[in-house]
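Encoded as structure tokens, the following chain is the form predicted on its own, with no partner shown.
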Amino acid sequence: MLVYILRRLLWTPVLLLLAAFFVFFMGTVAPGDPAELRLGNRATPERVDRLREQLGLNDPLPIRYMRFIGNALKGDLGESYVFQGKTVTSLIGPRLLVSVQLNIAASIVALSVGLPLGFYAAKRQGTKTDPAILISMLILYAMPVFFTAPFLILFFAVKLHWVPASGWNGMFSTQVILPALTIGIPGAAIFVRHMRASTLEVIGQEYIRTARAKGMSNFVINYRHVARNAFLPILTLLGFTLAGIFGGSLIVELIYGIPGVSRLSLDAIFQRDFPVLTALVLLGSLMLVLANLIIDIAYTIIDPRIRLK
């Protein structure tokens, strides 16, 4: 396993370099001059030429790319074109922490609701409970955020006064409840369907029938053999869910006034803030690679029969 992990880690810089190059290249060929963006209303031909020379924008693309990679290895991702005098790291860091906490809370909601319901629906196949659970979760999944978020705010914040309607004060504050439910409930519907399908597939395996024939208790069969093996396909889904942390909560962050990284990425796109966009793509690529590595390791922990070679 150690050799496999080291081999995967060696591929990580290559993938990041390729992702950084494509984003860096697109930022170069995209319309708009970075010098003009930074100068704004103060842009004149003389000032633009002077700033382009200071930023090294007149250098060939390979030299600019290698300079960017060298600075990135030192932790310097450049300065924002829009927020003058602020580094990309200082802009992304606090917002990334907020988005990570929000999506972790939403993932906890999705897993704690989706996995037990999916397992229970599979065990109740052939009864009215199974389609009732699936239809209910499908309705919740089909509801747009523009409906669920105002409804939760109106019911829990305005009518009952249980939780605040907006703002952010950390993952362990009551302000995380409504946005976590808004993101987590549709996610739970996805986990319900996958967990149900995976459980039904495991229940039909020969070793499950053998375990029943040996007289094992339902608790041991359900939780040691069925649930444990049915959870394996869910790991892949969970890994990609965590890796897509930037785009999954954009609307929710806007509605609840959460200062996360999704709003920053949207502003960077419209304002053509290429240093911020490049840094966000690098972080997204890194999270995707690490998520896949963690999934592979988790497979061997849950099912010892799997060995990475």
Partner chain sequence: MNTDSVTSELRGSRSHWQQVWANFRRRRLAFISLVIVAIIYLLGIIAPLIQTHDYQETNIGKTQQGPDNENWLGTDRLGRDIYTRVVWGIQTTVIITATTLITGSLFLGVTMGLMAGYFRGWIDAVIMRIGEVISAFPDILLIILLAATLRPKIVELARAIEDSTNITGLVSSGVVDYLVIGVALLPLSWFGMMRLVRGQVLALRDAEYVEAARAIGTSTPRILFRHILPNVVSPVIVSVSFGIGAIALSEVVLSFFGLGVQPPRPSLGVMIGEVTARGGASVSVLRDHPEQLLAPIIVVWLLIFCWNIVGDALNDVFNPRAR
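All of these numbers come straight from a predicted model, not from anything done at the bench. Positions refer to the first chain, counted from 1. If you superpose the two forms and keep the largest set of C-alpha atoms that fall within 1.5 Å, you have the rigid core.
Form predicted in complex with its partner chain: not shown, discussed below.
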4.5 angstroms heavy atom contact with its partner chain in the model of the complex for P116: no
Is there a heavy atom of G284 no more than 4.5 Å from a heavy atom of its partner chain in the model of the complex? yes
Residue contact check: P233 to its partner chain in the model of the complex, 4.5 Å heavy atom: no
Does its partner chain get within 4.5 angstroms of any non-hydrogen atom of L15 in the model of the complex? yes
So which of I251, I69, V48, L37 gets a non-hydrogen atom within 4.5 Å of its partner chain in the model of the complex? I251
Residue among W162, F146, Y223, Y207 with a heavy atom within 4.5 Å of its partner chain in the model of the complex: F146
I have L10, A291 and I297 flagged as a candidate spot, so tell me whether each of them has a non-hydrogen atom within 4.5 Å of its partner chain in the model of the complex. no
Given a 4.5 Å cut-off on heavy atoms, tell me which of 91-99, 134-142, 105-113, 75-83 is the interface stretch with its partner chain in the model of the complex. 134-142
Determine the residues of 58-89 with a heavy atom within 4.5 Å of its partner chain in the model of the complex and present them in sequence order; the list may be empty. none
Under a superposition restricted to the rigid core, does R263 display a Cα displacement of 2 angstroms or more between the shown form and the other one? no
